[in-house]
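Given next, in structure tokens, is a single chain: the form predicted on its own.
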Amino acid sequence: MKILVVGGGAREHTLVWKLAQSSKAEEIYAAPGNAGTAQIAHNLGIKPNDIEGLAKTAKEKGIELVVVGPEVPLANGIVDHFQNTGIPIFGPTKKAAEIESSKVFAKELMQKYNIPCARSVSFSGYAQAKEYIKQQTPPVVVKADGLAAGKGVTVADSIPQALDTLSNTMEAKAFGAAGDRVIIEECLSGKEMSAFAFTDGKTVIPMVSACDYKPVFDGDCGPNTGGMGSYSPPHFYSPTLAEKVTETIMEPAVKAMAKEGRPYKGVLYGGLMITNNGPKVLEFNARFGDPESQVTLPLLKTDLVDILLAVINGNLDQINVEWSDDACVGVVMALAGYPGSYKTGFPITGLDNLDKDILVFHAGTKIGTEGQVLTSGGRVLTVVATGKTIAEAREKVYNNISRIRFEGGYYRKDIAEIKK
């Protein structure tokens, strides 16, 4: 098969790497890809949001399977467009992807179908939201309704901070139209984690779960990022808890979407808080996670192409999805200044000086004019290792990551540090 992976981050590099292991994968393309995908696939100079351009090129190249990484093309209807052209594509339709692209829609769905989540109220007017916040007891969670690259959620420890966030979101339009509506939510406490499931709209097959780290600095300090690292599986995620998440959250969500006339096919991603009252949903996402894919897909034993086709064709119940019992840890190397402003174009050294079993998934990289790998984005690489335990995998990553160098290179030192 000729396969196209849409996107250019570390998640997409991981997908390309995993798909390349399939005996069914003849040629793989990435759009736009990065310096990492260039080593194992053909990079196409097409942006993920250029749906027309992607469809035209896919037709020309005889692409037989398309896999979408990022959320924005899904929210813009890339799946609907490809379905109309007859090219098989993995991911939810525009109406189904609204479970991620509108937090208000997702929250109303959860409330209507009794899917456990935080208490919340949504607002489309700044004045009403401001008055509501003033009556709350901190901490208060303020969420932009639309897509904000993982940065649209603030847990405010004080009312002034919550009001600042609200003003920034609704008045200053820090996230553009994504902040036209907001959700003000109670702050849940417990252990945060990401649950994933493959679904063809009927059958729901859980994937291994993961924990990720959003704040930029050690000890969960500093502004939120798209993710600074992750590990799988969470040490606290027992088989009983996994069953409860499937039965009370993932399966009901897929059934609810079907009842709403928005059948959901693809990967459903639940950002969860494991509270004293059981698991509750913080948010749903409509795609593979980033940085979680970098630590979950290396544990997948079943051919990924078979799973994706079964989802598209609606016969997921006929697939046996198997996972390794190993643990996996991934640490993101970013540029100084991220998630704010940063400089790019620096050469990366040390990639050829790593232990054999270390995986490096590229994100913000490109090939320079002289063939060298250069930095081109805020999150540059995810360095990944597997091991029998999280501690073993973690040790491997940190034994290797310091060998990779680029100007302004930064990474958290506490990823997968399991506190007793």
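In this text, all values refer to a predicted model and were calculated from it rather than measured experimentally. Numbers for residues come from their place in the sequence shown, where the first is 1.
Keep in mind the form predicted in complex with a small molecule is missing from the figure; the text below concerns it.
**Q** The small molecule in the predicted complex: within 4.5 Å of a heavy atom of each of 95, 202 and 308?
**A** So, no: the whole triplet misses the small molecule.
**Q** Which listed residue (260, 283, 80, 303) meets the criterion of a heavy atom within 4.5 Å of the small molecule in the predicted complex?
**A** Flagged contact: 283.
**Q** Which residue, 131, 171, 192, 220, has a heavy atom that falls within 4.5 Å of the small molecule in the predicted complex?
**A** The option sitting close enough to the partner is 192.
**Q** Given a 4.5 Å cut-off on heavy atoms, tell me which of 318-326, 241-249, 141-149, 159-167 is the interface stretch with the small molecule in the predicted complex.
**A** Partner-contacting stretch among the options: 141-149.
**Q** Any of the heavy atoms of residue 186 lying within 4.5 Å of the small molecule in the predicted complex?
**A** Residue 186: contacts the small molecule in the predicted complex.
**Q** Would residue 265 show up as a contact with the small molecule in the predicted complex if we use heavy atoms at 4.5 Å?
**A** No - in the predicted complex, heavy atoms of residue 265 and the small molecule never come within 4.5 Å of each other.
**Q** Does the small molecule get within 4.5 angstroms of any non-hydrogen atom of residue 181 in the predicted complex?
**A** Residue 181: no, not in contact with the small molecule in the predicted complex.
**Q** Looking in the predicted complex, any heavy atom of residue 256 within 4.5 Å of the small molecule?
**A** Heavy-atom contact with the small molecule at 4.5 Å: absent for residue 256.
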